[in-house]
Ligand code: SIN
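First comes one chain, alone, set out as structure tokens in the form predicted alone.
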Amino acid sequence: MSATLSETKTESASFSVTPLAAVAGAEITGIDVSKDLADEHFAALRNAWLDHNGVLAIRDQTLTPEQLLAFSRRFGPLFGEAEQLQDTVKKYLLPGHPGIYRVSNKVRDGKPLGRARAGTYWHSDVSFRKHPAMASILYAIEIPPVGGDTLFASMTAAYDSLSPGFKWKLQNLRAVHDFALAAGSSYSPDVIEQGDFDGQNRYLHPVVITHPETARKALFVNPGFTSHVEGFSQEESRALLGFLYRHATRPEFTYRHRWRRNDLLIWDNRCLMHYAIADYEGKGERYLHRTTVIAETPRA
């Protein structure tokens, strides 16, 4: 693929946009988001995010927790501030900054600073809530010399490639998203908090949603949290969802992000799944700060 370099300019600032993959993703250079960006500059950045199907890698950022939070709030209200995340992850929040979730294999005083194997399965953040995640923003403070890449799957591209007849079959379906699905398979028993099974982390969403900003259709199911399709037997759900997952994660629908220190990665959970590859054990230390912006309720 031949990447095309473009430059987005406003009256007093400019930044460069370089596509990273055909299906999704762009690299942004020449901007410092630690500053209080003017509205038109932030709007240009957000437009680049939408234009490149929901993945932006903003390079060479140096951000304090306060600066990361201030930038993240430009996208909308945050989990941990406007709405609480599930109990199981609260132990990994940055002390004094409940809007920041720590992803790390580092240990201090015998205790993990963050969750080392967070997101090691295909999922869309917080899809089990009435208001799931809109933007996830992950800042790389320390990364190992190799490993720890993050995969993204475009649920828009996956939907677009389906046949008209299959799209018609999906249009009125809804599926249950339940945190208990991931809790039972991707979390160790000592991490799980029983309060996460009281029903507040379970919600019914359309299988196909319309992106509220781009108006494009996207699949909205994921192996991490989607338990079954409403009105289907378990066997029927497994067959349908299994096909959609295999289809959505075909190589031509995916982008693999190779991290650099001081990357600020922003992705759109309304049109993407992601998978954190946990292949860096023994390779070095990894420490990242994540904020999560709350979305509207998905609509068909």
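Quick note: we count residues from 1 along the sequence shown, nothing fancier. Note that this is a predicted model, so its numbers are computed, not measured.
Form predicted together with succinic acid (SIN): not shown, discussed below.
* With succinic acid (SIN) left out of view, which of Ala135, Leu219, Leu138, Val126 would have a heavy atom within 4.5 Å of it in the model of the complex? -> Comparing distances to succinic acid (SIN) in the model of the complex, the residue within 4.5 Å is Leu138.
Given that succinic acid (SIN) is left out here, which of Ala157, Ala118, Val176, Val207 has a heavy atom within 4.5 Å of it in the model of the complex?
In short, Ala118.
Listed range touching succinic acid (SIN), judged in the model of the complex by heavy atoms within 4.5 Å, from 55-63, 29-37, 230-238, 270-278
The contacting stretch here is 270-278.
Within 4.5 Å of succinic acid (SIN) in the model of the complex, do we find a heavy atom from each of Val103, Thr150 and Arg290?
Checking in the model of the complex: Val103, Thr150 and Arg290 are all within 4.5 Å of succinic acid (SIN).
Checklist entry - Taking heavy atoms and a 4.5 Å cut-off, does Trp259 contact succinic acid (SIN) in the model of the complex? => result Within the cut-off, so yes.
Using a 4.5 Å cut-off on any heavy atom, which residues of 221-239 would contact succinic acid (SIN) in the model of the complex? Contacting residues: none.
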